[in-house]
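As structure tokens, one chain now follows by itself in the form predicted on its own.
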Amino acid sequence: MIKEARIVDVEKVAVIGSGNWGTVIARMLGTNVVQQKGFDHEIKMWVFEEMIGERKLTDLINEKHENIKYLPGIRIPDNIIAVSDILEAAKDATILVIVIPHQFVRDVCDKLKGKIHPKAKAITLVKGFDTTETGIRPISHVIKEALKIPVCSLSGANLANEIAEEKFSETTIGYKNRQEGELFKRLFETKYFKVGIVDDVLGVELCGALKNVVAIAAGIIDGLKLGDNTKAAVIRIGLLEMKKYIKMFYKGIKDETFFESCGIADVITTCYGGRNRKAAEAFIITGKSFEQLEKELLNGQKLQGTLTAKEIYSVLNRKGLEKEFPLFTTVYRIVFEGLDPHNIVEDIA
């Protein structure tokens, strides 16, 4: 039996996050809410305030209608309003689109507790896990528990810059309530951004988190110049470890989710074009740390693959499962323990 969704006359959207992906999403939604019925036309986008020279980033976004730091050269619709106060961004919003680095989710939720619309619902585009002393938790659980609201998830083969250029791509929305899944599909879908929906919030979310570890492995392969056959093997093995890990630790995951855009398609595109692959290749070629490469290659944005590798390994190590997941384990040891990168092949063969 399908539960009744929380329905309001007009949905008001807030985008929580303004990095590369967050700005792309805000741009897309800003166009959609004007074209679709049932949505307030104004969207507030929460920006972690930074100074660009002597100017605030929020002021520059609102003045130029462009995020000159994280999405330069791409115009943002006039109905996107950048704000640095997260409570102002979320005020009266019935839809919270959360698209921030996973390590900041808990702090953001703490600030929003008890201060959001009573009929609010959220969709997480966050990649990664919440880490505690007792283990790791899916981000959707963190948001749901902290804010007491229903949460959907979105993930797919979605390189942000290509979507900003309106090149065709697919994505997957995981829902628990079908009506909410349909609402988010209507909010996100465009002619160039095809949305599939599946009754599997966790499966969609966890694929999006774990694929970044596989992308680190793919980047290492590229840095070592081991070729496309080796890279294909790493992608296949990585997808199998993703599926094995997710189904080992979480109930109700659907097999078909791994064949949606959030599964195999996202693994492929991230292993060939994503920032985690790019940084891992540079890590091998230059010998620079990932922290340094974040500053030099990513304009200060944080990688999710390295953090997720560490979080996953903490679980595997605690449960004595390292040998059950040789790719995940080897990626962690190369990144954090100085293991010879060539072990990426030797340890999984």
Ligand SMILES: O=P(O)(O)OC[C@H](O)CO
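It should be emphasised that the depicted structure is a prediction, and the values quoted were computed from it without experimental measurement. The numbering used is simple: start at 1 and walk along the sequence shown.
Beyond what is shown, the protein has a form predicted together with this ligand; the following relates to that form.
Asks: At 4.5 Å between heavy atoms, only one of the stretches 88 to 96, 271 to 279, 225 to 233, 144 to 152 reaches this ligand in the predicted bound form; which one is it?
Replies: Heavy atoms within 4.5 Å of this ligand in the predicted bound form occur in 271 to 279.
Asks: Can you tell me if N158 lies within 4.5 angstroms of this ligand in the predicted bound form, counting non-hydrogen atoms only?
Replies: N158: yes, in contact with this ligand in the predicted bound form.
Asks: Indicate whether this ligand has at least one heavy atom within 4.5 Å of a heavy atom of D266 in the predicted bound form.
Replies: Yes, contact at 4.5 Å.
Asks: Heavy atom to heavy atom, is N212 within 4.5 Å of this ligand in the predicted bound form?
Replies: Taking the distances in the predicted bound form, the answer for N212 is yes, it comes within 4.5 Å of this ligand.
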